[in-house]
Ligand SMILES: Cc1cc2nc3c(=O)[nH]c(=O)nc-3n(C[C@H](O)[C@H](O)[C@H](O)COP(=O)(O)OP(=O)(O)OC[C@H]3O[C@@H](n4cnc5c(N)ncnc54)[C@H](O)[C@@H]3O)c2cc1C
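Let's start with one chain on its own, the form predicted alone, as structure tokens.
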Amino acid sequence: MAICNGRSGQLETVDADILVVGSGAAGLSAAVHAAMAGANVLVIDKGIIGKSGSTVSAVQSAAAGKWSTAQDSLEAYCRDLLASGKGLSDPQLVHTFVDHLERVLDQLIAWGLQLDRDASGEIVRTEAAGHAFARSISAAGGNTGRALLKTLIRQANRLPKLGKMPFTACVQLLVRQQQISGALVYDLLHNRFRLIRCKSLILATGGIGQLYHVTTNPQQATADGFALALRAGVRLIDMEQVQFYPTSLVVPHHAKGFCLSFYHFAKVYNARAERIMQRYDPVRLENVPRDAICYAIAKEIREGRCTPQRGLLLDVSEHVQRVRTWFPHEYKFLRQLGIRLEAEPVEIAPAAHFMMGGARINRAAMTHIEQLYAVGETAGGLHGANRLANNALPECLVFGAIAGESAARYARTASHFNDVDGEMLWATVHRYEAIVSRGAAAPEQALRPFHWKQQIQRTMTEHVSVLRDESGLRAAEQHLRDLSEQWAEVRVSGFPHRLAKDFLEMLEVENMLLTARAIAAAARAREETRGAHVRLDHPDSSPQLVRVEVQQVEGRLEVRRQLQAEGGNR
């Protein structure tokens, strides 16, 4: 046992060469590639392995090389990514991503993934806004994320060196002398803390959608990885760049936030029956990247040209057959809701969808903390100011593979685990024990974590949504600071019952609060409009390209604006 200080004997310890936190496409891709390279790998997830996160709902994936159209090229794909990122995409990450995508898809096909094909047996490739070529592919009739997960889990089950620990939440990353040494985790099945020592740790915890009232993300998207990274001292970049999906269902209420991917060949009308894109982009109309149409819809809603439910109308009646052919999953779901695209428009509005900022990483997906990696939505820099459609899944697959292989190479050369900072470890354990003990004696009316969650969602939706300005962002920062100070009053009930909902929610809301503060601070620091970040008080893009970096130093969030040349400064 290598704990320097503290009562190590009272905490169960598990050792693994590589610890992967999160089991969506990014986490499983990392775990499989690391285990195939010979490392002992442990995957933990606060939910069910392979079913917790946004991957399962993904409809399509972009493709490169032989999996794309014959007219396409890697150079063309890079150009599209850099153009969409509006100066904030890291060129090194872009080229790394595109260069590795064909290889990663080859492996998935070899492991059993079957792509959707047409009647003649050709792979179905469809167009998507912002892509110069039809390079979007799918599997399982548009249930691509689900098919990918099944393929990865099947491959993971063939690997004896890959272990899984479901219902285990990561509480704190343990860093000593700028190198990862493990993580403090909480086993929700057995209600106990555990120490996991590792040589490398890969963060793959997904997005931030639950910071907002309406989101396309599942309940698990509570910004965990961003907060864990901040507490470990990791530098986060572009945190103001939150992508909102432009055409998400408004009604019925129980399906609110469901994405409709076919907007690029539909028409969007406001409540006055005006086709809005004729005003905002009369040449490309609805066939524009997400940031452009999202801005147009949000502006119409803000100025009152919307339905009573604050939505606009999406009409695809002229192209229903294309929806049935290319997006059968969405067509079927709408029919189940009683919506007939042939006869009526659909009521839509933007919903929080994807975080384009995140941990600053190098080409190996490693942060500046030695052997701490971040992949998938937890990492920033690839998409810049606007993610192109269908690039989320391939990002997870590519950088998951790269991180897993890099970590496995390190594991082969590292003879021992880095020492754990026992003082930090036990301070964290004692802090949560104190909160739990307060809850046991708390009155019924005591404030539960859900109270903070509602406040965070209200603040972020009102002030840090599609359209922002200085006064709103200042108000958001102040309110979030106030919520942080009031956190000392939080009470937890239901502990220590198995899978105590309040205890997990407490961990999640703490993560949401810190990440929300980072987003609001970054948004106020970027005094311009760029991509998904729209400032009503700074409507133009600045001629000076600035990267906004957020880092927690001695408990305080520090925000830095860094001038950089066009094309990045890594």
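The shown structure was predicted, so the numbers you read here are calculated from the model rather than taken from an experiment. Start at 1 and count along the sequence shown; that's the residue number.
A second form of this protein, the form predicted together with this ligand, is not displayed here; the remarks below concern that form.
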Q: Just one of 477-485, 163-171, 105-113, 464-472 has residues with a heavy atom within 4.5 Å of this ligand in the predicted complex, so point it out.
A: 163-171
Q: Check whether Ile18 has any heavy atom within 4.5 Å of a heavy atom of this ligand in the predicted complex, and answer yes or no.
A: no
Q. Applying a 4.5 Å heavy atom distance criterion, does Ala132 contact this ligand in the predicted complex?
A. no
Q. According to a 4.5 angstroms non-hydrogen atom cut-off, is Val94 in contact with this ligand in the predicted complex?
A. no
(Q) Can you tell me whether Ala392 touches this ligand? I mean in the predicted complex, with a 4.5 angstroms heavy atom cut-off. (A) yes
Q: Sort through Asn217, Thr459, Ser84, Gln371 and report the residue having a heavy atom within 4.5 Å of this ligand in the predicted complex.
A: Asn217
Q: Taking 4.5 Å between heavy atoms as the contact cutoff, choose which of Gly404, Gly384, Pro350, Gly206 touches this ligand in the predicted complex.
A: Gly206
Q: Select from 17-50 the residues with a non-hydrogen atom within 4.5 Å of this ligand in the predicted complex and write them out in sequence order.
A: Val21, Gly22, Ser23, Gly24, Ala25, Ala26, Gly27, Ile44, Asp45, Lys46, Gly47
